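Okay, so here's just one chain, in structure tokens, the form predicted on its own.
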Amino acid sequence: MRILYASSEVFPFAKTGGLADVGGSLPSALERLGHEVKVIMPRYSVIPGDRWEFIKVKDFTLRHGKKEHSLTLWKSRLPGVSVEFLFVSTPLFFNHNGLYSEKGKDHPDNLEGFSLFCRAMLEAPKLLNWKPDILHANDWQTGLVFAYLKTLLRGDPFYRKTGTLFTIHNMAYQGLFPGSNFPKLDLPRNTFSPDILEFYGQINFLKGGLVFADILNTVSPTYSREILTPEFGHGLEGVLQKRRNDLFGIINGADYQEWDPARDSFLPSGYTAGSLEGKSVCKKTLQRRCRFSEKDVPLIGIISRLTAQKGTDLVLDILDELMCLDIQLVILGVGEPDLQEKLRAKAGRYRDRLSVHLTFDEAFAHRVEAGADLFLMPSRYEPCGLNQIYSLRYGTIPVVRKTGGLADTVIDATPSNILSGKATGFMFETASPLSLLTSLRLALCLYKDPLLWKKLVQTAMEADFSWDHSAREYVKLYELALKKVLPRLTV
């Protein structure tokens, strides 16, 4: 089938988080299954124009928000990838240093820019004379595309047979804007109502996808159940409850071309589950980089946005006690200024066993995954998470909170799971410093048993979360979406 895959960020062109990783990997996995996929995203000014070849497809105009907008459709390809990438550019929008925000403040033109992008992505296939069987869009930035398709383009023969899927990567980010801006969207007035796009007086882009898409999914089965509750639904649990029969969960896959310790070019030495000597080399190299002593103590890694959602405050609450133990800890990430400052201060105090890197560094992230013995993810909620999946592949045992995708990907080291050889990590339930510390202490105890630890590492490395499996699950959802099209065709 023909699939138009829409995302506001796609790796390697533009990335702020896991959304881009999915956009860079899932389409290729779908192509490998025999489907034809085109990916569409904004052409941000921060995308390096000299790194990839962009070919102009066509200049076009679009009336939106009572204005005539000039746009350009571009296309590009990546080496060794058959997927075609489409880009929409406009002189008025997507010209900031950040994709959605800068210095902690959202761009004031996000509503106009992303609503125009949603309109433009429905024009792009027409310019190419390429009718998609499936329109698959992701997160709030693309949520309004379904509203436009089901209202302004209702009855358009070009999209008459197109099924739709909306993927929610994180319910916390909904694209909220003042209700006074509704006229800028060019949508029917009756769509600004509590049962459609209105949300406590505001416009809610995410809600557009939840209401209008044929099928909905999130990025893990557990998270698809969690968001039906007030704790995780962020005010939209009622909308999701109404659509629970159309809501599914599919675990994100890992790009094992990018994340494979046997052939990772960022590592000083490769290794496999059957030959772990290279992991010891990676650990010593990481210790030198962090200015730690090269001794055999547990080395713990954290790669994360430094936010309360990710449990960074929980780590800070136990940090002094952790530093009394014979361990080493490396932290890589950026986030909330107050948390960054507290970590910086702790790093100055515990210089010989705590290394904090307040930046994003792709190469260093790979080296932390390979060089650490344990990987810490104490998230309060985690729709899917990718780093725990990378950690499993690299034999770096994850310590995670039992939530969302973490619960779906890590097998807890309970006595029975350890005895049966199924355990791949450690899990705690309550988002508290004590629960985190207790789980971590258990992991440190098992580390003292070399044979048991080696078995844990090898079992973790054998876990398979490849995109090929997840892509087949997405195809099933596409087929469900197409079944919903059939009744519309007979009306």
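Since we're looking at a predicted model, the values are computed, not measured. Start at 1 and count along the sequence shown; that's the residue number.
The same protein also exists as the form predicted together with a small molecule; that form is not shown, yet it is the one meant from here on.
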All of 261, 371 and 461 with a heavy atom within 4.5 Å of the small molecule in the model of the complex: no
356, 121, 303, 71 - the one with a heavy atom within 4.5 Å of the small molecule in the model of the complex: 303
Contact residue in the model of the complex, from 192, 360, 130, 266 (heavy atom within 4.5 Å of the small molecule): 360
Contact test in the model of the complex: residue 398 vs the small molecule, heavy atoms, 4.5 Å: no
Contact of residue 141 with the small molecule in the model of the complex (heavy atom, 4.5 Å): no
Contact label in the model of the complex: residue 310 to the small molecule, heavy atom within 4.5 Å: yes
Residue contact check: residue 17 to the small molecule in the model of the complex, 4.5 Å heavy atom: yes
Heavy atom contact within 4.5 Å of the small molecule in the model of the complex, the stretch among 89-97, 331-339, 198-206, 347-355: 331-339
